[in-house]
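Below sits a lone chain in structure tokens, taken as the form predicted alone.
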Amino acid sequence: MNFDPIFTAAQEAFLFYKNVPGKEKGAFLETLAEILESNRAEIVPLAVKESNLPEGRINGELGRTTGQIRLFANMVKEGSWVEATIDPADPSRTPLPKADIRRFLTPLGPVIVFGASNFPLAFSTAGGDTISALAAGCPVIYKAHPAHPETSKKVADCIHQAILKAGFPSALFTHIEGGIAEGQALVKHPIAKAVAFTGSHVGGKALFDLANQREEPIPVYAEMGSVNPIFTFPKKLEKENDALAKAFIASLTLGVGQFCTNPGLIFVPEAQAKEFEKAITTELNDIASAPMLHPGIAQAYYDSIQYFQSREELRWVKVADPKHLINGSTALAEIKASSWLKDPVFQKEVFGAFAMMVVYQSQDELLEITKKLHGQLTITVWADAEELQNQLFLLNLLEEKCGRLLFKGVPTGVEVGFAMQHGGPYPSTTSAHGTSVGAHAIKRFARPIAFQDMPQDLLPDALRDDNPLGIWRLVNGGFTK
């Protein structure tokens, strides 16, 4: 396979597009959002058919997709995201004059984006990775996920319509189909400057290793899974046992457990374990099995359940029923914290509605759990105010283990906003510095560059003295317009 023509065209598009004013980039993204919405009647049935997801979910996902497109459109139109920083010259400084140095974020170049299986719209063709890269000023070579090819083609067509309306080069976005070999070839191509991926640990780690074996290593922003543990405390459970059980099961089973933020672990104090399990069992009785995204994911789910059924440390509260392979039924097992601590396999993500309830006996055991816990996208703490004050050391440890620490609610439901962090320490992602959701996602595809003593008429608008963009800038250590 020869991807040279695609990358050559993408690089030429980059050299043009990187210099397009933010207002024009923003208008292009707004046009794309409008085109996607105008094609809702075609996109939604395709996605429903290919993903087994209900129409309501897909309609909501399309709204989220266009919402995040408009978020980035507004960001690039306003322009302050480039973090313009100016240290003006001081020729009178002694013993040496001070040079004029100006710094901002500039786009990386062509970006490879891999589509996700579990979000045919929001994390796929025109999803957050693609849009944040385009917003940053980078062309995208998009590798479609084989689980929803027709949906991907349709959305790709919408992107090209928006590119045509904007008068931008068509190579600004390229849609590619294929398997592992094609994906590897894309990552290895010398013109590629970054990779974005959402999927399994095996897939993400393979791409990360491949990118670091290149003559010129490039960043890989891979979201690779998380069990999103919930830590519960006695007083909180005593007050809200039934409500918390209901919230846990609702979050666990949302989307048949096929969200990256479904909670797969819950730590429960021994004194409350029986009552909490009883409430959980009541909630589980109302949960019906539902189709998973495709048979391959369902097979992997039941294979994992079968493995855990062979482990004598687990006591099963509810066993998944694989009568109809495509349907994912909920499974829940209980394990003592002392047993959980002995084997890291009990931290493995099972993609589907499976969770372990880990019963702990003491504060010391809880601290040991926290120390051995792998990196997570989210960690949730259910404790009352007094318990939180008594757990400050534990909370300090938990901060080191996740990208988002919750004190209310459940981890499912990732807000697309300015403060969202959807990324965490390894192995949840390959870069704890990045996020794949929210405004800061744009910074994955940009790098800092500083200009020293550059003439005013050559400086980017964001760094000129007259500030033609009217953006917030850090000048001499203080923010100003």
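The numbering used is simple: start at 1 and walk along the sequence shown. Being a predicted model, the structure only gives us computed values, none of them experimental.
Separately, the form predicted together with a small molecule exists; it is not shown, and the next lines address it.
- When you look in the predicted complex, the only residue of A250, A300, L325, L405 with a non-hydrogen atom within 4.5 Å of the small molecule is A300.
- When the small molecule is considered in the predicted complex, only one residue from K235, K372, H294, K342 comes within 4.5 Å through any heavy atom, namely H294.
- With the partner omitted here, the stretch from 171-179, 81-89, 152-160, 308-316 that lies within 4.5 Å of the small molecule by heavy atoms in the predicted complex is 171-179.
- Although the partner is absent from this view, S117 contacts the small molecule in the predicted complex, with a non-hydrogen atom inside 4.5 angstroms.
- Taking non-hydrogen atoms only, F72 never approaches the small molecule to within 4.5 angstroms in the predicted complex.
- Looking at K143, you'd find a heavy atom of it within 4.5 angstroms of the small molecule in the predicted complex.
- When contacts are judged by a 4.5 Å heavy atom cut-off, F197 counts as touching the small molecule in the predicted complex.
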